[in-house]
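Below, in structure tokens: the form predicted on its own, a single chain.
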Amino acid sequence: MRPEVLKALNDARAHKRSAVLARRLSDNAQTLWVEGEPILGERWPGEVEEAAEAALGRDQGVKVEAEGDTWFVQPFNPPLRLIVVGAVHIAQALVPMAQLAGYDVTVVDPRRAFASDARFPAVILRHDWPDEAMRALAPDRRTAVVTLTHDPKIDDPALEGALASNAFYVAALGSKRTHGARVERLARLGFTEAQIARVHGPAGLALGAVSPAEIAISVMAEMTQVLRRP
């Protein structure tokens, strides 16, 4: 990798911006794009641009043929993050699953008896109120936000912050009746139907889950589906 490419790539990663490096294998010409814009090198053929979008979506490098040349397209995405609001039993199952899937996880709950190191070892814990935590954590398009408390005083401020962000997945635990009341509250706060529709509620795929661990599996499955689907 050329020094100027490495410098630009490190700068993009430091600012949590997605980047794609494309190398033409015939002569090792290197082109770097950051957030969809060419930074260094020549403009890509259309087939390489399409491959770059796919590579970013799947976090995997890919070879592509374009205009008689073979290119290798390598994505450099910011880390995946999961913000869990509510240090409840389901969170205790969801957190290690998400960590195994490569997420940096933060648990937010002002109730220190719930959000304790004993219950969540080796996890970042925040005891501020969710609205403050969301402002500090600044969810981006590589961030998922899941609320689990069923308590509007805790869940709703977190959902407000998530809907004001580019978080790729926003979900809230609760029954359909609970979610219906949640939708009404969000509408009264001024959120549009399209914004409210971003909230997956009840959280998780309909797997028939019963136990906390099964519910956590359903949430991880839905989160993965949203992240990876075309």
Partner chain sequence: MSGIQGAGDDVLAQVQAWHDVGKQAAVATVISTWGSSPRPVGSMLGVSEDGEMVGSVSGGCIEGAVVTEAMDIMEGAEPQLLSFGVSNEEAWEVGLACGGTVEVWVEAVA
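These numbers were taken from a predicted model, which means no experiment stands behind them. Numbering follows the first chain given and starts at 1. By rigid core we mean the largest C-alpha set that fits within 1.5 Å across both forms.
Separately, the form predicted in complex with its partner chain exists; it is not shown, and the next lines address it.
With the partner omitted here, the stretch from 125-133, 92-100, 111-119, 148-156 that lies within 4.5 Å of its partner chain by heavy atoms in the predicted complex is 92-100. Looking at Q30, you'd find a heavy atom of it within 4.5 angstroms of its partner chain in the predicted complex. Contact check for L6: a non-hydrogen atom falls within 4.5 Å of its partner chain in the predicted complex. Not displayed here, its partner chain is approached by G61 to within 4.5 Å at the level of heavy atoms in the predicted complex. For Q74, a non-hydrogen atom is located within 4.5 Å of its partner chain in the predicted complex, even though that partner is not displayed. Every residue of the trio R2, R23 and P78 has some heavy atom no more than 4.5 Å from its partner chain in the predicted complex.
Taking its partner chain as it sits in the predicted complex, the stretch 135-155 comes within 4.5 angstroms of it through a non-hydrogen atom at just one residue, R142. The two forms, fitted on the rigid core, differ between the shown form and the other one by less than 2 Å at the CA of G180. Relative to the superposed rigid core, Y103 undergoes a CA displacement smaller than 2 Å between the shown form and the other one. In the predicted complex, the CA atoms of R13 and M97 draw together by 3 angstroms or more relative to this form. Note: the CA-CA distance for R13 and A164 expands in the predicted complex relative to this form, by 3 angstroms or more.
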